[in-house]
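The chain that follows stands alone, in the form predicted alone, written as structure tokens.
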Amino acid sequence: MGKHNHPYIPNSQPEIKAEMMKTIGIKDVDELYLDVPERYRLRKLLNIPRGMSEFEVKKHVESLLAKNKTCAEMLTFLGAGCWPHYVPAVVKEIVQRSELLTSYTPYQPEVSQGMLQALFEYQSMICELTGMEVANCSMYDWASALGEAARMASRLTNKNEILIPRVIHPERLATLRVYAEPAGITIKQVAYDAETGQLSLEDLKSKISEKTAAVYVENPSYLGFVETQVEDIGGEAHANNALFIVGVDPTSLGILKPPGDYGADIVVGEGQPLGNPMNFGGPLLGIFACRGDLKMVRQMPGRIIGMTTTKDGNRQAFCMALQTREQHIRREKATSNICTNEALCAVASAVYMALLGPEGMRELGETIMYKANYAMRLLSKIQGVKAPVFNSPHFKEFTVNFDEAGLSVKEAHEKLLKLGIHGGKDVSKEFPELGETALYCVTEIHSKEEIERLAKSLEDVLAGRC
């Protein structure tokens, strides 16, 4: 082979290149880039390493992977949108079965009755958990579900303004802006109470108007506190003919009132905690549910699985319903830009929820809340530490401030890493008004001894003993 040939790229063969150029009517590949100014074109070979054999690639990749540490190797208190939870062995076993693993996104759906039933069960349990009447069988993640909810609300109300809390994950906000801008939707943020973190009802009332398509609130919030004014917020939205959208962490719904019980029209959230490992940040699982109003359901993004019977009426059967809202079928006329889904993750969540059941979900929520509050009590006893920053009930996550300790979050975090502990997320740049503050996460996987180890280590760090 010549120096311009590549063993895995057939089109690198000179004769094939020549035939392709002849077919499309060019004499040189550079003609394809005539619209790129000459000064921006690279006229030299890329400085990249030589090719490696399969064995060498394997060793190289393994050496890179060895630099990572998993939660099994390092105690971690990092959450912020992707949380450490225990995934029962049966969940992994079921989703790895070939009849589910290889048909996770069926395009000839009625052939895959088992997958359709699993997704129907997922939808049913999400509805039960959220208190809503209809759920789709998954979105990409919480952020994309929120973006779709905003566009859905705009279509339903013929309005172009969405009110959201100031306390929101910045990456979730960035995704929302990407969805909103092409649709001509304006996003306005509502302030929060500095003492409690709760949404400012006064600011909400001053900003809501006849242009408002929806009011969005998260419960629990990105910074971990429980929003205690959800009925008032929803009432304000409905009084102004706007929809009420609620974002949730589903693990909280075993102990918190479901959004459907306090007037939510659309519920979105992150399903990763329901039986899906963190996987270094993905894939995730977007939850999306709404009221059973047919007008709403028809504007809902993604797919819905329906249950029916065979033609003779003797057997239960499942089918893909209202799939036409996706772009792979309706193209530019679709209500959603989703072109695949997280169905295998949804199956994992269905197995997880079925395994725990209502009592198990309640016990999970209680355990998380107990442990998080135990951690807050211990950390708040450390001189120079305030945990949490806000005077509100918290679930799973909470803020830890180091201002009085005279140490930055970065410095504290780096010293904890040397002690084998991964602390929380630095949110001092996201919320500069909070000072040197980190967001810590405690779930059911953290033992009493591990929480006490964190407190002791942090105390030693701040006292300069390590």
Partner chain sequence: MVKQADWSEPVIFELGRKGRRGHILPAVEEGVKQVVGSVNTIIPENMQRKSKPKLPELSEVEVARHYIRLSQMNYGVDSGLYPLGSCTMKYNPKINESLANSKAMNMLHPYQDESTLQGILEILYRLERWLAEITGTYEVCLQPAAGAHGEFLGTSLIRAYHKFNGELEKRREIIVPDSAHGTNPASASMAGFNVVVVPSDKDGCVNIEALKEAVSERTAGLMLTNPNTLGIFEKNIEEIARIIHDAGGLLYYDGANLNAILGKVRPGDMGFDIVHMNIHKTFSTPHGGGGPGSGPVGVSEELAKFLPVPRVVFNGERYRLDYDRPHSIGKIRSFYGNVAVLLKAYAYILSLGNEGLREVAEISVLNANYVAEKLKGIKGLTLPYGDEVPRKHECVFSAKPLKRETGVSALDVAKRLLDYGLHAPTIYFPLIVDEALMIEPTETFEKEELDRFVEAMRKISEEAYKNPEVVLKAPHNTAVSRLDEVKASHPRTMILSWKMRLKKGGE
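Bear in mind that the values here come from a model prediction, so they are computed numbers and not experimental data. Take the two forms, find the largest set of C-alpha atoms that superpose within 1.5 Å, and that set is the rigid core. Positions refer to the first chain, counted from 1.
Missing here is the form predicted together with the partner chain; even so, the following discussion is about that form.
Think of it this way: in the model of the complex, the partner chain has a heavy atom of just one of N241, S380, T309, S209 within 4.5 Å, and the residue is T309. Of the residues I187, L156, A191, C319, just one reaches the partner chain in the model of the complex with a heavy atom at 4.5 Å or closer; this is C319. Shown alone here, P388 lies farther than 4.5 Å from the partner chain in the model of the complex, counting heavy atoms only. Among heavy atoms of V178, some come within 4.5 Å of the partner chain in the model of the complex. Although the partner is absent here, I305 lies within 4.5 Å of the partner chain in the model of the complex, judged by heavy atoms. The partner chain is not drawn, but in the model of the complex it has no heavy atom within 4.5 Å of K429. The stretch from 157-165, 233-241, 199-207, 356-364 that comes within 4.5 Å of the partner chain in the model of the complex, counting heavy atoms only, is 356-364.
Scanning 201-221 for heavy atoms within 4.5 Å of the partner chain in the model of the complex gives just one residue, N219. Once both forms are fitted on their rigid core, the CA atom of S447 lies less than 2 Å apart between the shown form and the other one. The two forms, fitted on the rigid core, differ between the shown form and the other one by less than 2 Å at the CA of K456. Here V57 counts as shifted, since its C-alpha moves by at least 2 Å between the shown form and the other one after the core is aligned.
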